[in-house]
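Listed next as structure tokens is one chain, alone, in the form predicted on its own.
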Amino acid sequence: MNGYAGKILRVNLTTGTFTKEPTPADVARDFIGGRGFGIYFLLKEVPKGADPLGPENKLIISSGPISGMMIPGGGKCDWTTKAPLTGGYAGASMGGHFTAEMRYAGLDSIILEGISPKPVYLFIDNDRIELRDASGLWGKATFEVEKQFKEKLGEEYQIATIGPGGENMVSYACINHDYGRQAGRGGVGAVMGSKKVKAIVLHGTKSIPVADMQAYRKAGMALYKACKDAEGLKEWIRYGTTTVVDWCNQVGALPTRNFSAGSFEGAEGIYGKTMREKIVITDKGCFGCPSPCGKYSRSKKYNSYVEGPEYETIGLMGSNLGIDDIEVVAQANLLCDDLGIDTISAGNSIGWAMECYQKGIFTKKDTDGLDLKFGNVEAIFTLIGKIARKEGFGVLLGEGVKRASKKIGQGTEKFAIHVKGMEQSAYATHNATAMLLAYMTCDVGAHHNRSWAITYDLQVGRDLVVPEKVARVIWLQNFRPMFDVIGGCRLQWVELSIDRDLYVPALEAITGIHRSWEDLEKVGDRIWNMTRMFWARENDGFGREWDLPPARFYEDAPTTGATKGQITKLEDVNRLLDMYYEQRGWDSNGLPTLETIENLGLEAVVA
């Protein structure tokens, strides 16, 4: 089958056995790969009500047809599971070199099933597949584990590993790869830890069949040329995602002190330019990338090295915690990566705890003696370790802000910044109605990458509540995640303005199947509805109430910055949802109607 490695590997951890099966042609046709494969197998194979940390849940790792190909950004794979953090769907995208190596080992997907009786790592070298003892690695941090494997096996082996956060099944534990790339959100690392899998170690030398080699070469070269000629390439390589920090601060979108405002008085200390001048050593890219956005940095203050920080980490570990020193943010980034917890959820959870402390809801008696005032650097570093190791006060924060605020009560739910249990990423949305709606309806919870609509807010009017805005959010939700489906990075399109139509001949040359972007967006629409149905299946009473944003964004107007005095009224929040549900073909409670399911041809998938 052109464009596919051809096999799906199932690993039964309970019995220690492996099976390979052909990649189903009909699944490849209808769902293409990546997130499409993930939600298909999740819905079909994980039984209703499965414990996210139990043997019935599965961890599904899937590539797409451009993964490992010479196409700009062809280094993405998707990690799908039932989320420990939210109880719903989790789909986490990871860059780097892992997905290319998986394909070269002859695999389109790896599905981890059951639970191992002891710590193991999965070793794959082409057709040689083994579960090896990892007892000696259990308890070790991610960088040390990856370094040991590289030294023992060679640089060509690609490793994905969990840290203590995953071993301890912290609700937002992540999976680390290539010393700084993560499958970060929803608790995928906790699922890997629950299965007693410390790492996956990959090496492959096989080729991927291509339908038309000359057309593939031509299409790939056209994409690389478009990137090389892009007007913004030089600045993008220099600053990567950190270009957003300055902009967000100016427009009132930079999360500040637990999202109580969108502008930070100390923002200059964490700007991209400050970071480049102060700590960046070199640039780092993923597989086949002509526009490396990763920044390899050294903090002289802490004598440490880290990839990053990226914008999201700067927002959540910086301004959101009252931190104005990029070296502090870089060190917090390093600690989270090494211990294996998501910087977004961790920064959000610590911000919530700091506000509780500021309001007198927590005292030092509750916080293990820590002075949790905003800006307390040592308290932040200490809490990261406590969360990852599930020690003391860290146990509560490791559950995420939804569960933590429900336990504490006292009005803390109003400033627990999440949707559906997923901590919001780094865009304050007091008065940015398209971005607010994108967070409210995102298929994993409050995450930005599915529909980055905040620039559209500024383009047409940030407080407008109109059908056109809703339509824009839906279009982005159907379109942007298709990069996760085909196995590529969207940043060349987003940041370099690469014509998306250039991807169509590349995909056709690889697979031999012609698909327009209209065809691809229809696949995106089907996948989006499938994830919604998974949420509804797994959570009694799921619906509109789950889509409501934090009360902070419709009750507490910022007192400083560009959005001073501005909120989105609750009535407008509900108007946005009404229009969204109508345009999606969902009922007034936000569930896909039978007509929509039939129109999308999903009857058999969700039966």
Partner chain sequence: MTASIRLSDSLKNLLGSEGLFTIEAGHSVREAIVSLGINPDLVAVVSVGDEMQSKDYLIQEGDTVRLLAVIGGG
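Please read all numbers here as calculations on a predicted model, not as lab measurements. Numbering follows the first chain given and starts at 1.
Below, we refer to the form predicted together with its partner chain, which is not included among the displayed structures.
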Using heavy atoms only and a 4.5 Å cut-off, determine which of His97, Lys386, Arg181, Arg480 is in contact with its partner chain in the predicted bound form.
Arg480
Looking at Gly272, Gly294, Gly220, Pro119, which is the one with a non-hydrogen atom within 4.5 Å of its partner chain in the predicted bound form?
Gly272
Which among 84-92, 520-528, 183-191, 238-246 is in contact with its partner chain in the predicted bound form, heavy atoms within 4.5 angstroms?
238-246
Candidate spot Gly232, Gln250 and Glu495, all three touching its partner chain in the predicted bound form (heavy atom, 4.5 Å)
yes
I'd like to know whether Ser304 contacts its partner chain in the predicted bound form, with contact meaning heavy atoms within 4.5 angstroms.
no
Going by a heavy atom distance of 4.5 Å, is Ser516 a contact of its partner chain in the predicted bound form?
no
Is Lys284 close enough to its partner chain in the predicted bound form to count, meaning some heavy atom within 4.5 Å?
no
Residue-level question: is Tyr503 within 4.5 Å of its partner chain in the predicted bound form, judged on heavy atoms?
no
Heavy atoms within 4.5 Å of its partner chain in the predicted bound form is the criterion; list the residues of 204-227 that meet it.
none
